[in-house]
Ligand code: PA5
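Presented as structure tokens, the chain that follows is alone, the form predicted alone.
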């Protein structure tokens, strides 16, 4: 279960201030729990873990088993933003850094960029693999995934024939409408539903995340159980609720101490994509109406040799939230060297993870001394259960925090600005006026 430690902020804030923001977080908690706040038609994620039906988990496992029976060793998952970041986070965290998972396909991602070189190299990879595809899009018309799917769909049909290609494509889309739903019905694809009341960045525990994670060979039941236990634990309006504590402290640091940037810090490269998922969750939920805390991330100790100088002595506009992993899943001990030319014999007999922990502690002390407050969010180890817990913890905290900021956590009006300009520049039908106007500006 997720734990939080606010001790790294104690020398920066006053108890009375924290109490004030704790009360603000309590009010925001009530707003979220009662469903009375802005965007309340998109809070289906809140009770999602406890309401996930057994039949959905069985269907996820059935896709996995069906594709394993075909000997599929590459699954291209197509989506952008919340349609892929949660799944990629989980798969990156749970996978071996170097070796493939035995008995499971490699899951790769497309539709999150418009790089021609990337897609050409994906085709190169598909040429030497037995391929299937998961396409994730509510509408089916978002440009980046739609382009990727058109290319991958044609590839599958050319290679396997239309009928067999249809058995190798799973669509996660709207229940009733949209281009992808229409195409799926027409072609006979297996489909899963993106719930209407769950926005993309909150959708990792829906089929959006569960299908790719299950196909990659990981235990989605354990992940849902971790989220379910977090849902229960975070439902109490209490000073000990870590989601309330996190929301209160980050808003206090922002409002009273002008901390405009939050850096999510990890000390395990397996959590690099947890930070990418978290950045979308908080950036898209809070960055509007001229408000919000800018979400950034570093993966230490690597980034201590790149971003460390700025964090230590640059503009004092930031605070840190460290995701701490209490226990490593593997053990490597540093050996003795008779020559000791590298002068490391003082570490002989110690676990590498012990050195990592001391680097983490040393950095905490240095950064606090340098004027950077720090919170710590901890889980016991990296596994499906704890990932489910972390997903739910950050989602629930995000809802509370955004309501403390007095904004709608669940819309993203600014995302459409670039799309309209892009459509106009690409001469999409219906955008003729905008196209003419924007070309005059250029």
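These numbers come from a predicted model, not from an experiment. Positions refer to the first chain, counted from 1.
The same protein also exists as the form predicted together with 5-phosphoarabinonic acid; that form is not shown, yet it is the one meant from here on.
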property: 5-phosphoarabinonic acid contact in the model of the complex: residue 81, any heavy atom under 4.5 Å; result: yes
property: Residue 231: touches 5-phosphoarabinonic acid in the model of the complex, heavy atom cutoff 4.5 angstroms; result: no
property: Partner contact for residue 200 in the model of the complex: 5-phosphoarabinonic acid, 4.5 angstroms, heavy atom; result: yes
property: Non-hydrogen atom contact residue 284 with 5-phosphoarabinonic acid in the model of the complex at 4.5 angstroms; result: yes
property: Partner-contacting position among 356, 139, 256, 113 - heavy atom within 4.5 Å of 5-phosphoarabinonic acid in the model of the complex; result: 139
property: Contact assignment for 5-phosphoarabinonic acid in the model of the complex, among 95, 360, 280, 268, heavy atom within 4.5 Å; result: 280
property: Contact segment among 200-208, 240-248, 320-328, 296-304, judged by heavy atoms lying within 4.5 Å of 5-phosphoarabinonic acid in the model of the complex; result: 200-208
property: Partner contacts in the model of the complex for 337-361 (non-hydrogen atom within 4.5 angstroms of 5-phosphoarabinonic acid); result: none
